[in-house]
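Here's a solo chain for you in structure tokens, the form predicted alone.
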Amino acid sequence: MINIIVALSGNEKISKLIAKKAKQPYTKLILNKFPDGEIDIRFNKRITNKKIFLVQSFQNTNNLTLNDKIIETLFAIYTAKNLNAKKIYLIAPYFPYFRSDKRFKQGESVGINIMNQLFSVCDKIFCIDPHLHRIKNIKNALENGTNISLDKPIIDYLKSQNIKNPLFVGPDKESLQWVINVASAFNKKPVIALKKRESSRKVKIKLPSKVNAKDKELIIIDDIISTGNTMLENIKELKKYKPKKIYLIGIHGIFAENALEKLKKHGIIVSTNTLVNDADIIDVSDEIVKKIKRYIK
């Protein structure tokens, strides 16, 4: 049985890392976007009776929007099915629409339920630290989904920084699931802020009454940094305690609306390479290869 790692648009770098470490052949999906916005894709290697691993992080790159990439990926999946690929796996370092996990208003769509139906043809979807809030188990969102945790590479990065006196901070209660494991590796308990969201771009942050951050290295960890407003509001409150240094760590660095430049003014900003950006220094390819290894035969 032959396996093929297939890079979709904007995912060439991480796909090559996965292919090299998994010792599997690599190819790139051919995509053409027409002036009216329609998309056409083509596999440039024969995939009949082969296991294919499609690699797609759903972000705006290469003149393609996030939603363009959903169409690109679906076209690749269903074309592979039509061409009789033996198995179809999707490696999605960042998978979208997890925040849309319930019907908040009458008549509103539930995005993750629709994505579950659209991507159900995949044999397996490998997601890295998906944005789960009200749904605790990924299989209750994506029936064929499986989670890849990034605790280890984040811990390894922080240990490489020779941090002496850390204070771990979760910028909101949802971040607890990520920050607690990293803090435990340093025998610390995190401080968790309370967030009140007033709009998609405006939040208010309240810290616990007793916070000892003076002269400490603050390590703020969250799964997604989008506009950066949650991080910025946390920094504003924490700076009152005169910390020594501030590290801002995002698993998925979307950095919309110039967020990266805004955050750089306040601390050391680091993200993983689930998404391509100028802070993506924590490599996740080893963790992906560990997870997919059992499916490569």
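Nothing here was measured: the structure is a model prediction, and the numbers come from that model. Residue numbers here begin at 1 and follow the sequence given.
What comes next is about the form predicted together with a small molecule, which is not displayed.
Looking at 69-77, 148-156, 117-125, 170-178, the stretch with residues near the small molecule in the model of the complex, meaning non-hydrogen atoms within 4.5 angstroms, turns out to be 170-178. Although the partner is absent here, Arg197 lies within 4.5 Å of the small molecule in the model of the complex, judged by heavy atoms. Contact check for Lys139: every heavy atom lies farther than 4.5 Å from the small molecule in the model of the complex. The closest non-hydrogen atom of Ile135 lies beyond 4.5 Å of the small molecule in the model of the complex.
The closest heavy atom approach of Ile224 to the small molecule in the model of the complex falls within 4.5 Å.
Of the residues Lys188, Arg99, Lys81, Lys206, just one reaches the small molecule in the model of the complex with a heavy atom at 4.5 Å or closer; this is Arg99.
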